[in-house]
Structure formats: C-alpha cells, structure tokens
Ligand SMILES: Cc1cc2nc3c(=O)[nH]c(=O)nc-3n(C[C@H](O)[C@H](O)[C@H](O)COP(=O)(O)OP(=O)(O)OC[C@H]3O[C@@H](n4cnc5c(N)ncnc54)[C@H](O)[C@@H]3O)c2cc1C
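Taking the form predicted on its own, here's one chain by itself in structure tokens.
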Amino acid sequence: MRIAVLARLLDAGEAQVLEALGLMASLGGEAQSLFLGAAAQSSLSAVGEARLGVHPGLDDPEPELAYAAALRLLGDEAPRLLLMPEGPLFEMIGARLGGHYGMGVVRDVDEVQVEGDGIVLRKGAYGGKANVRLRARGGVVAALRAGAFAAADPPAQTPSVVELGNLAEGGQERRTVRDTSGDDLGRAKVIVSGGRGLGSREGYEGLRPFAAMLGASLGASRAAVDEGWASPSQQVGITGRKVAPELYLAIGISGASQHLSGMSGSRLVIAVNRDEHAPIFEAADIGVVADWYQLWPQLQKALEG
C-alpha cells in the first residue's frame, strides 16, 4: 500500500508534520514524504521517498495555486492513504484532492489502522464525547488531529525536486484580504485563551500583555468570538482550531464540549474561573477558582519581578 504525507515545506519541522511522518512509518508499506515549497533545498528530514514540489508562489499560496501544485506533485495516481496535518493546507485543498482522485476525506483523525484491504480510521464525534470508527475500502485523505500520534525523528535526505512549472490560474485577477490573527495557533507552544467570563472586549484585550509575557499566542472561546471580542481565526474548538500546545491557559472559559474537544491535545491545561463548578475544571490539570481581575495584578508582579 502506498502511503504519503503532504505538507508545506514551511511546516516541515513542526510537530504536526513529524507526527504525520511517524504514523506513516508505523503503518509500513511504500512511504512518500511530499512537500510543497517556494524554493529547493539540499536536504529534508523525511520518511521513505522524499519529493519537493517547487514553485515561487508556494510560501503563502492562494487555494487555486496550492491545489494545482499538489495535483502536479501527486501525479495521475494518488496514494491509497494521503495524510495531512490539520491546518491551512488541508483547509484549502484537502476536500478538493479527495474529489479529484475519488477518495474519501476524513478530518480530526486520531487513530489509523490498516486491516486487510481496508483502512480503519477513528475520529471524535458529539463534541469529543464519543469516537467513531470508519472503514474505507478505497483511498482516503485523512487530516490528523494535533498531538494524537507519536512524532518521527526522520533522517535528513536529499529530496527529488519537482519543478512545478507554470501554475497560472487562467488570468483571473484576485484580491484577497486575509485574517492572520490566529495563524500561529496550530504551531504555538503556549496559548492563552479568553472566554465570556472576561465580561467585555476590554477584558479580553487585557489578556494580551499576559500572553506577551509568556510568549504565548492568543486564542478564544466561541462565546468570545460571537461577542465580537476576537477574530474567528482565534477560536479554539470543533468549529474553530484544534490545538496541541505544551501549555494551554483558559481564562474565563466555562468549558463547553466543543471547546474542550479543540484543546484536547494540550499537554498541560491551567484554568481560571470564578465558578468552581465550571466544566473546564474537569479537563484542567490545574484549576484556580478566582476572579481573573484580582489574580492578574499579582501574576503581573510575579512575572515582572
């Protein structure tokens, strides 16, 4: 069985890509590490055959360009199992690749097994309260949940460079306004997220100096996004981003199931909430029952001292 990992060269050393490579190595079969990048490089840490598709526009591509590049790199026959980390590249082209090659598409996958002529995948359902197992006899594009798999430590090797050539989009003029405020959540080591318990936009914005002191990215609950305090790209949860930082701090977040599912890959969770019965405490490694606005000045002194 031919299995491939498809990722951006920009993300090659990130944990989610290394987890995808680790899963591919554990499944056996014919392995391919496929990367899309703006420029060639002499070596690449990869599992199995390493191929690098090169085009000047691939550092920050439009969806059409990324899709055309992936098709050219993959060729006429796709692998039986195409693994992609959850993130921007999958969001742009994962479903389209599945449609082009006649493959099933499954996201939020946290387990993959090859059983006979079938591929069995497990994913979360009902806001993370249950798991569903799916059996596919045909090809599958699987987006992997961050933190669900053991990362590989692949050797550096010289990739086969594929010059992708002209990937013109038919002469259409396109102007795009991109919201980049939550771009780094997927790779952040520390995330500070705020929720409705902060009470106001000013309260949410007040988390920025705390996040800056920790070198953290700023996330949000769905409630905070619905209130207009934070950008949708900063939302952590089933309908937002699924994250797997080393440290996740939930400030004023009650802990709805969809948010808990999005932060479930976090290694250490610290929650601060005035309500001692808030569901977030069930998922937290450390829970602090306190008013954030009384706690913050003390934390600020400690961090600055």
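As the structure is a computational prediction, the values presented were derived from the model and not from experiment. Basically, rigid core = biggest C-alpha set you can superpose within 1.5 Å across the two forms. Start at 1 and count along the sequence shown; that's the residue number.
This protein has a second form, the form predicted in complex with this ligand, left out of what is shown; the following refers to that one.
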item	value
Non-hydrogen atom contact Gly237 with this ligand in the predicted bound form at 4.5 angstroms	yes
Close approach of Arg122 to this ligand in the predicted bound form, 4.5 Å, heavy atom	no
Contact of Gly252 with this ligand in the predicted bound form (heavy atom, 4.5 Å)	yes
4.5 Å heavy atom contact, Arg196 to this ligand in the predicted bound form	yes
Listed residue (Gln258, Ser45, Ser26, Gln41) with a non-hydrogen atom within 4.5 angstroms of this ligand in the predicted bound form	Gln258
Among the candidates Asp275, Glu49, Glu64, Glu246, the residue which, in the predicted bound form, approaches this ligand to within 4.5 Å (heavy atoms)	Asp275
Listed range touching this ligand, judged in the predicted bound form by heavy atoms within 4.5 Å, from 219-227, 158-166, 83-91, 69-77	219-227
Core-aligned C-alpha movement of Gly255 between this form and the one not shown, 2 Å or more	yes
C-alpha of Gly98 moved at least 2 Å between this form and the one not shown on rigid core	no
Large Cα move at Arg222 between this form and the one not shown, threshold 2 Å, rigid core	yes
